[in-house]
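Just one chain follows, in the form predicted on its own, and it is written as structure tokens.
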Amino acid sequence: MQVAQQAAPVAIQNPQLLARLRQDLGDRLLAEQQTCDGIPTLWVDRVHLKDLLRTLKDDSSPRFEMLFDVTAIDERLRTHRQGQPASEFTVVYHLMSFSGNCDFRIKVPLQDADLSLPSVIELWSSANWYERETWDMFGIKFEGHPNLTRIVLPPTWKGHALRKEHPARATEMEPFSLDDEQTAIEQEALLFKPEDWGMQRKSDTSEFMFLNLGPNHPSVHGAFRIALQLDGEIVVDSVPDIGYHHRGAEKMGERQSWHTFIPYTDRIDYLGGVMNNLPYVMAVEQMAGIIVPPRAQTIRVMLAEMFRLCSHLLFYGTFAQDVGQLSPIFYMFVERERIFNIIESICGARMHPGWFRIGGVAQDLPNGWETRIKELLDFMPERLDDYDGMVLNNGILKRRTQGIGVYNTEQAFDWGVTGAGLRATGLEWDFRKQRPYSGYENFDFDVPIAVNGDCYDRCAIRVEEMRQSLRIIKQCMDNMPGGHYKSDHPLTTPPRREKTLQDIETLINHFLSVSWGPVIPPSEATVAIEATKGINSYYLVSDGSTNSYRTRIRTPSFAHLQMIPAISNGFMVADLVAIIASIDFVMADVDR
């Protein structure tokens, strides 16, 4: 099997800031780590963590307005850690600067006997759920957290699932059983106790009602529960409850080969199809040093934008349905099915083609593909115009959604909101424009924005994004490059099939790449894209093996849902339904 050398690091983002911090921190800086993604990565002791994060958030130039992600790594079985401080568990903070268009990564080393560090909720509200997830999965305590409880695993779960000693497969555990006694324990654990969340059962003037919205109510779009504290029909407070759809996707990433994990990525945002493949394969390609041919990049863009259309059509129809307009969803599902037919004619499958590969795509475009794309470009623009009159210009829908669920850009930063929800506050920021990937810099399209930050604007943004997707798809059709659909790099998986017919060595390499997977050099990389629901990223750690040592999937929906109480309290239950609809999420994207 062929093994490539360590991928050369790309240019470090913002070296001036890194140099200043290096000087300011002095001996408080434990280490500086180079990664192949170019994101500055500093190791600090936990006693200096909050001061450094506060500096980066408020006083650095540029400011890092958003806590993009918090996760951890179980380092105990890792062998390639040259230049890194001794650490059995590492907590990783990923910061994002929108004003400076750059990232920063902070790492804190911990020992298994003393797994605690300070909470940073006072700096970013979004830290709440990220810290709960890190405790849930690794057992790391965050001192000062108001409610450090399980978030995606059941409250009765034993152990911490992303520790290396935790089983990955059901066959490694005792057969599941649930007797009457254990059933009673599980049911008791699911009871909502308002006092645990700082809620009172009554005020001086009224008694509050507590209502479960979900986890099977149609308006919550999946297995999602919100425990509501109500004064009549007014929402006093709410607690979103997630985890019913958790499937252990990050754990699966540690047991699958680099190649065989690709179909699992399809199921994260299951409405995004191959767009889910893109950040994952690009992260692997960056670690392996694979250059993707222009034709493969353009094919990826074309298919990703087609899935953006499919996802936004479903959002558009269900958004109208949730506020009481039933007809649009039937029309929009017809168009969505027509697009899926075109996708199937290219990829061989509809919702989950798993069609992108490490180094390119599964196969070249079929004969006659231009005819199918032209068919889409002919029928779709007129249909979008029809929907404007049916939905966006509907007076009742406007009254139900305008001025509801409002937040501004600073609040969006505080809660980790990205995508259309951020652009609806007036910030013109799209990953495809600000940090072009897969050749997006070669396409002419606009970034729609709005200024009110309400439910209506979040819908209007996505509607205009569909028109921009059509512009991009047309440019793909008109300017499709020639050449190969997959790289010739030795770690491309699998190699182009036509070469396997020429010599036995290529056939053997093809077999090994598919069955065992390529050996990716020891490295780390974070790659993000502008997905259908916001910024989706994969943070991958390779230990020089045929599978990932750590797979972190940062999804936009996870961050968006925890903002619900902040933008819903004081509204009526009917308004809450409109707010939930405007977020545009699926629970697979939340729970993973």
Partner chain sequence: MFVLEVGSVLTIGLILAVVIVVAAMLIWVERRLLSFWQERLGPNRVGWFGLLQVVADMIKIFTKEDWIPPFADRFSFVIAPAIIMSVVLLSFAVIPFAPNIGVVDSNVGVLFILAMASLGAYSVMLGGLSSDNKYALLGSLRAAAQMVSYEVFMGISLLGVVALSGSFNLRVIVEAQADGWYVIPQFAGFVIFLIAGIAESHRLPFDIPEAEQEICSGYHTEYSGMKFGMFFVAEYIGLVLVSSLITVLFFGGWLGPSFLPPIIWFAIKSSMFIAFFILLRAAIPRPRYDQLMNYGWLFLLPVSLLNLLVTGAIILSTQ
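Since the model is a prediction, treat every value here as computed from it, not as a measurement. Residue numbers count along the first chain shown, from 1.
Below: the form predicted in complex with its partner chain, not depicted.
Engineer: So in the model of the complex, is its partner chain close enough to residue 327 to count as touching (4.5 Å, heavy atoms)?
Structural biologist: Yes, residue 327 sits close enough to its partner chain in the model of the complex that at least one of its heavy atoms falls within 4.5 Å.
Engineer: Do residue 233 and its partner chain share at least one heavy atom pair within 4.5 Å in the model of the complex?
Structural biologist: Close contact exists here: in the model of the complex, residue 233 approaches its partner chain to within 4.5 Å, heavy atoms only.
Engineer: Even though the partner isn't displayed, in the model of the complex is residue 267 close enough to its partner chain, meaning a heavy atom within 4.5 Å?
Structural biologist: No - in the model of the complex, heavy atoms of residue 267 and its partner chain never come within 4.5 Å of each other.
Engineer: Would you please decide whether residue 334 lies within 4.5 angstroms of its partner chain in the model of the complex, comparing each non-hydrogen atom pair?
Structural biologist: Yes, residue 334 is a contact residue.
Engineer: Name the stretch, out of 202-210, 339-347, 296-304, 109-117, where some heavy atom lies within 4.5 Å of its partner chain in the model of the complex.
Structural biologist: Partner-contacting stretch among the options: 202-210.
Engineer: Between 383, 245, 467, 352, only one gets a heavy atom within 4.5 angstroms of its partner chain in the model of the complex; which residue is that?
Structural biologist: Among 383, 245, 467, 352, a heavy atom within 4.5 Å of its partner chain in the model of the complex occurs only for 383.
Engineer: Scan 374, 76, 193, 399 and let me know which has any heavy atom within 4.5 Å of its partner chain in the model of the complex.
Structural biologist: Looking at 374, 76, 193, 399 one by one, just 399 meets the 4.5 Å heavy-atom criterion.
Engineer: For the stretch 401-425, return the residues whose heavy atoms include at least one within 4.5 Å of its partner chain in the model of the complex, in the order they occur.
Structural biologist: Contacts from 401-425: just 404.
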